[in-house]
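Just one chain follows, in the form predicted alone, and it is written as structure tokens.
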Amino acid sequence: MFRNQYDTDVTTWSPAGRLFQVEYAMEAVKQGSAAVGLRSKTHAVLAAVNKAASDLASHQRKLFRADQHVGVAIAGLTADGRVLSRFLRNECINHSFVYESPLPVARLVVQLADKAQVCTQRSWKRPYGVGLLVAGLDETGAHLYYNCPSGNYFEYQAFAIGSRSQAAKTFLERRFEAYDGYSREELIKDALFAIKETLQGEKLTSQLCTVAIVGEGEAFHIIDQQTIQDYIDAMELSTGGPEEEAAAEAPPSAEAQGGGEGASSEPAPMDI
């Protein structure tokens, strides 16, 4: 994306009706390491790729717990994601203190979207360069939302964001209609298969991904690496896995064959 006379601040509209700084923030999300979310009626699962900036560095944390019933996965500028996850924790704590009940997931997402939208309407601010997948459970069931840097938010059955996420979306689009009836284990396996799609041939191990789950009778928590490795080993041993079934149902899309959006493997200059 190229600099022009309409991107000097976030409140300047181009003649085409675009806010370039908001688009730049959305581009930062596409360059971040991939994150995947999916839900059934009773559980929601988040998974993220552990992508280190170099061989000498450790990976940045991509999954955060906001409360016992809700957590987030991020793609984009990690520092912005850390600040927003702290905001979510504060909102959950304040609601629990005042009302003595968990904050509904939909209301939490609206508050997060409002905070992001303010940064698109103040010339002395910049948009948050991070996208968040918010997964939670409340009285109405399990939920999965995507919060965009523009301040928009959408509820999904399954979704993927970040680098090479189009391959994961293609996989999820073939299977999402059955997710309402999925068990806890089936959701985790499909999340791992979706993450594997974003690696483009690289071998999936528990060191390369982080998975978290929340559901009925189960608080939001990150699943330990050994358990994840057991799931991966079982996937490799099984025949006729989800990706083979999906391939039999429909041919891969042109976008998936072309590598999808964010196909570049080069990290952005900032820590994403």
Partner chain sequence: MALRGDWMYENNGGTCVAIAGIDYCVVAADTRLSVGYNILTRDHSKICSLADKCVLASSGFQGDIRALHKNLAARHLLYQHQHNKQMSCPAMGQLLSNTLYYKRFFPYYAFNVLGGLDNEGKGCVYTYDAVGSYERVGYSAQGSGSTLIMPVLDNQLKSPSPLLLPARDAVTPLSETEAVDLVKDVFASATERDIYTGDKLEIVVINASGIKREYLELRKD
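What you are looking at is a predicted structure, and each value in this text was computed from that prediction instead of being measured. Residue numbers count along the first chain shown, from 1.
This protein has a second form, the form predicted together with its partner chain, left out of what is shown; the following refers to that one.
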Exercise for the section: Tell me, out of S123, N152, N90, Q111, which residue has a non-hydrogen atom within 4.5 angstroms of its partner chain in the predicted bound form. Expected result: N90
Problem - Contact residue in the predicted bound form, from V29, V211, V214, A66 (heavy atom within 4.5 Å of its partner chain) - result: A66
Handout entry: Proximity to its partner chain in the predicted bound form (heavy atom, within 4.5 Å), stretch among 177-185, 71-79, 95-103, 154-162
Key = 95-103
